[in-house]
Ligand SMILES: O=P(O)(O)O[C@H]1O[C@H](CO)[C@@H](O[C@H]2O[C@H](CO)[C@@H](O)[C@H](O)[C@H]2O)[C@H](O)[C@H]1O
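The chain below stands alone and is given in structure tokens; this is the form predicted on its own.
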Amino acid sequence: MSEAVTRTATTNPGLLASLDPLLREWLPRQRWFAGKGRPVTGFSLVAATELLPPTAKQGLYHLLVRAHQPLTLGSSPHPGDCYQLLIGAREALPPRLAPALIGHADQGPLAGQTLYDALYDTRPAELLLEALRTRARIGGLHFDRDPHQEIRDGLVPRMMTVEQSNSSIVYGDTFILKLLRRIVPGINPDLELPLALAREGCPRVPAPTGWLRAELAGDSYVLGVLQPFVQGVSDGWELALRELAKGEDFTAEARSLGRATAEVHTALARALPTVTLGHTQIRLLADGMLERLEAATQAVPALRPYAPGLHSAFTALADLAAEGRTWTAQRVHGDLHLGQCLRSPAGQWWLIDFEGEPSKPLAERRLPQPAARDIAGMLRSFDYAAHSTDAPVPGWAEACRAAYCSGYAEVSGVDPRMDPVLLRAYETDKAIYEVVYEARHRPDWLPVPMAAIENYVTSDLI
């Protein structure tokens, strides 16, 4: 095992003078920027680390930057979201780095330099992997790894350019490094849960090889996770759409995916504590769903005619709890859908991206929850896929729902359809979220969750 490499890191305190005017334009255009629709009024540095020595031909700065924005009406005071940036500085950019351009600094210590997103650049990407391989300590940055897994040097990096809420670099088809963009202090489930599953020997989630943390003023931040790169896999969403376009049956895949989900849930229940949810906890859960329904009807008037029926899905759950019914809660994926699943050419499914819903507070994402939350997310994903083709296949989503639940029951011994009130509440809550999201961001997609809403209040869900 390599010994940890430790060196100090210094950064010019005037960096923001160079960066501020450029980041105000560049940052809101990024897919992973959470504050869209509100202007950026300023920045503050949470941490800044110079990763290359001053004698290097180019500059490389690891930054944690807090973006300050006006609060929305009714929101609580908030210091601003913190983002992880890797900024490169050169006299001029070669053509291959044109997509990474942030801008040309004309003030501050970087005046005259061209600044860019350094994750697109080979040398900075290589530096990150080498730091993980050697377990480096650079300023407040801690590069750690599993001592039982080897990280070879010389792996060629490439930036993944697909739209995603974080950024990823693939190293020679051997590893993939996921760098979190929006950073919060605390234990991030995107590292915590895969590590727990690895200890349980669960084969459905790639075991972390390395991870990057920051230790700052008593707070710990998870910044990135390195995992094995699974070659030749198909994204579950893309695979479903391909099969739909060909009119092919997807039930065998859905059943296998249900089995994989149950394997992960079973392993998480062994690895981490479970709790029992009684009347008080379920009442709070139902109240939260009712509050989201009320807010959604204010934001999307088209929901209002359906509000009484939707309301009953949540009160029915609370009524069951009042009668003495209890449920088991455990750690779950938190944001499960077809796009969070990978299928190998041999037919094996993996679940990825355990970060949960990034918009939720970290403490909330780490709470034990009924497994039905994950299951509801996947069932809604089948419905979305079914509505994403020009020629819908009648009964496709329903067949996938049934196969997925059957596969889940084969492993867990519990068929989610045997608890229809809980599953209905979670599916309804998810569809309401989808209505608000589509109304705000993709109005053309609004009919998809609205069709589900209408179905929920006029027919049995299962």
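Residues carry their position along the shown sequence, with the first being 1. For clarity, every value in this text was computed on a predicted model and none was experimentally measured.
The same protein also exists as the form predicted in complex with this ligand; that form is not shown, yet it is the one meant from here on.
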Checklist line | Partner-contacting position among Thr261, Thr209, Ser381, Gln84 - heavy atom within 4.5 Å of this ligand in the model of the complex | finding: Ser381
Item checked: Contact residue in the model of the complex, from Arg325, Arg133, Arg137, His337 (heavy atom within 4.5 Å of this ligand) -> His337
Note to self: Test of understanding: in the model of the complex, would Arg417 fall inside 4.5 Å of this ligand by heavy atoms?
What the structure shows: no
Note to self: So in the model of the complex, is this ligand close enough to Lys430 to count as touching (4.5 Å, heavy atoms)?
What the structure shows: yes
Margin query: So, Ser165 and this ligand: in the model of the complex, are they within 4.5 Å at any heavy atom pair?
Written below: yes
Next item on the list: Report whether the minimum heavy atom distance between Arg442 and this ligand in the model of the complex is within 4.5 Å.
Entry: yes
Margin query: Given a 4.5 Å cut-off on heavy atoms, tell me which of 407 to 415, 60 to 68, 430 to 438, 393 to 401 is the interface stretch with this ligand in the model of the complex.
Written below: 430 to 438
Check: Hey, with this ligand in the model of the complex, do His279, Glu364 and Tyr426 all fall inside the 4.5 Å heavy atom range?
Finding: no
Notebook entry, point to check: Using a 4.5 Å cut-off on heavy atoms, which residues of 353 to 369 contact this ligand in the model of the complex?
Noted result: Asp353
